[in-house]
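The form predicted alone is given below as one chain in structure tokens.
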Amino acid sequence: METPEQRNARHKKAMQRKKAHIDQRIAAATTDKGLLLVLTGNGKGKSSSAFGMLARSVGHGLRCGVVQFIKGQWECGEHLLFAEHPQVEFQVMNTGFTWETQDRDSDIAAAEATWAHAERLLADNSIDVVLLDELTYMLTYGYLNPDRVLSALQNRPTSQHVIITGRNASKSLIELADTVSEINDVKHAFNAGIKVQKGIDY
């Protein structure tokens, strides 16, 4: 039977190997560039994660821009927190979900008008981080020209980070991204008839 001393020695040796491996990977990561991150999947938490990164960026003094597609006119905690922040420019499409508007032409016009703000941010060297919340829907529904979107992302300032959220991210968007995280829906309170909760869901 292994003694506590032997177990501690084995643990220390394993952690030394792990540290050497991690240190080697960190030393090999020498490229410095603006990242394109995509948060997709059917699970809850994509926008929450994105706004967590936005809070982190603001904490570091970075200038940020937020463009929210889909969102309606209800009060969202992230808007209440960041809309008046001097480091954050905030733009909301403000039309609500497509099943509420029930007007494709109106939705396309709103999406294009909102995308114009995103394009401006993506061309601005002074903006460090751009969050395009729920953008994937605009591409899935065909509200925005995908070539126009991909071109703006590809030609943005080299040091600018972009975070995109939404379900069903397109293959071309995933291929362009540096980091893609898929959030799966294992269990959701709403499916059990529980109302959306302030501070948790909005």
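Note that the coordinates shown come from a computational prediction; the quantities given were computed from them, not determined experimentally. Counting begins at 1, following the sequence as shown.
Beyond the structure shown, there is the form predicted in complex with a small molecule, which is absent from this document and is the topic of what follows.
- Just one of 42, 170, 145, 151 comes within 4.5 Å of the small molecule in the predicted bound form, counting any heavy atom, and that one is 42.
- Note on contacts: among 191, 24, 179, 16, the single residue with a heavy atom within 4.5 Å of the small molecule in the predicted bound form is 191.
- The small molecule in the predicted bound form is approached by residue 48, whose closest heavy atom lies within 4.5 angstroms of it.
- Note on the interface: of 171-179, 130-138, 153-161, 27-35, the segment with non-hydrogen atoms within 4.5 angstroms of the small molecule in the predicted bound form is 130-138.
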